[in-house]
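Only one chain is given next, in structure tokens, and it is the form predicted alone.
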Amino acid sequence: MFRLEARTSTPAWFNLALPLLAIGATLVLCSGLIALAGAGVIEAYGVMFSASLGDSYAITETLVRATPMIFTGLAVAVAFRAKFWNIGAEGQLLAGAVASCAVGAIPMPGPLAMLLMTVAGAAAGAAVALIPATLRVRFKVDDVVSSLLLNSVIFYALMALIEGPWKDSFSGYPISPPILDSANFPVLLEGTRLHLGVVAAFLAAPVIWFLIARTTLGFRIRVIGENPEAARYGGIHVERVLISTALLSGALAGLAGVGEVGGVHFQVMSDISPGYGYSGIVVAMLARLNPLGVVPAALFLAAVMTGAEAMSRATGVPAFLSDVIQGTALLAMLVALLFTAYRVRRVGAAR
């Protein structure tokens, strides 16, 4: 017979190993689906990861795909640290994309256009995140529900734009007018889509880590996440910090939309995000809400997403396996987190 027993301490190596164990368990569990599809497990995974990491072009595509998930992963990690359950990174990304596209279509010098696109996208994402934060602080509305429902509100507002005033009058397609060429983010490697936003995402991770770990605001965020009543007793204005956290989280998610407009698509369309906001939740959980861990977690999911289509063509396994891997990774990590607080003990039979 076995029972769970509370741990007095958790070894440091165990905390580092948990995400790797969760990823390993995910690949093992999903191998059953590959076998059911009639493909070889080793062959399928080999094709998947060689298509996303096998050569320089594949690596750049993986980096480009990882960029929005780094931003949304950071957005979720910051919010969850304060126990602000921001499930609305998808809508905040879309809001940032719309705002940056609107600014990028205005004639102005290139550097100024990129700066204002960044500011507009971050501000739009922050404004959307402010809504569920205000509802929670002022009216005790569940932030999970309000932030999640806002995703649909923002998506259909975007659809109203591209089906209405922004609709292409020549082709009839529901897409926005493209931003000006001067507003396009610089390409870092000729012949690829590697753009300036990729560098910004990789730099954002240590900046957010420093903010959380080494600043007064970060300390307040961590204290509120651990015990809001103790934080309030210690003189921390909990509501004010929650609002600040929401603004920061929304701004980071909005930057994901800026990168997609300025560096990848150069306009807004209905499928500008294949769910990067929701993937950010998986990324943040795999990283255990550590901003530095967000980068490798995002790279793993990006490699899976990039290689899934090649795997489907080569082996016949549906490309939707990448979505299954994301969901399974989240569940595996949640189960793994249980063992940071508890250990399994064998209880001998009673005499």
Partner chain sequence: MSVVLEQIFQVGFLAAIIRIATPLAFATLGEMFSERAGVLNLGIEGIMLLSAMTGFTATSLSGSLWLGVLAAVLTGALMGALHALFTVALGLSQHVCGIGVTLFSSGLAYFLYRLIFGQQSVPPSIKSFETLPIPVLSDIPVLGPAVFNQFSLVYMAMAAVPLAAFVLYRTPWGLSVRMVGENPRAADSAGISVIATRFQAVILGGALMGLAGAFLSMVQFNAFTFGLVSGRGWVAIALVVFGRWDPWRSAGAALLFAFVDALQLRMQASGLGHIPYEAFLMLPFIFTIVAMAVMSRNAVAPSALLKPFRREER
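Residue numbers count along the first chain shown, from 1. If you're wondering where the values come from, they're calculated on a predicted model, not measured in any experiment.
Another form exists, predicted together with its partner chain; not displayed. Remarks below refer to it.
- Contact with its partner chain in the predicted complex, defined as a heavy atom within 4.5 Å, holds for exactly one of 47, 317, 305, 295, namely 317.
- 85 is the sole member of 202, 85, 209, 266 with a non-hydrogen atom lying within 4.5 angstroms of its partner chain in the predicted complex.
- Taking the partner from the other structure, its partner chain in the predicted complex has no heavy atom within 4.5 Å of any heavy atom of residue 299.
- Under a 4.5 angstroms non-hydrogen atom cutoff, its partner chain in the predicted complex lacks residue 215 among its neighbouring residues.
- Looking at residue 80, you'd find a heavy atom of it within 4.5 angstroms of its partner chain in the predicted complex.
- Residue contact check for residue 150: one or more of its heavy atoms lie within 4.5 Å of its partner chain in the predicted complex.
- Of the candidate stretches 134 to 142, 219 to 227, 238 to 246, 192 to 200, only 134 to 142 has residues whose heavy atoms lie within 4.5 Å of its partner chain in the predicted complex.
- With contact defined as any non-hydrogen atom lying within 4.5 angstroms of its partner chain in the predicted complex, the contacting residues in 264 to 282 are 278, 281, 282, given in sequence order.
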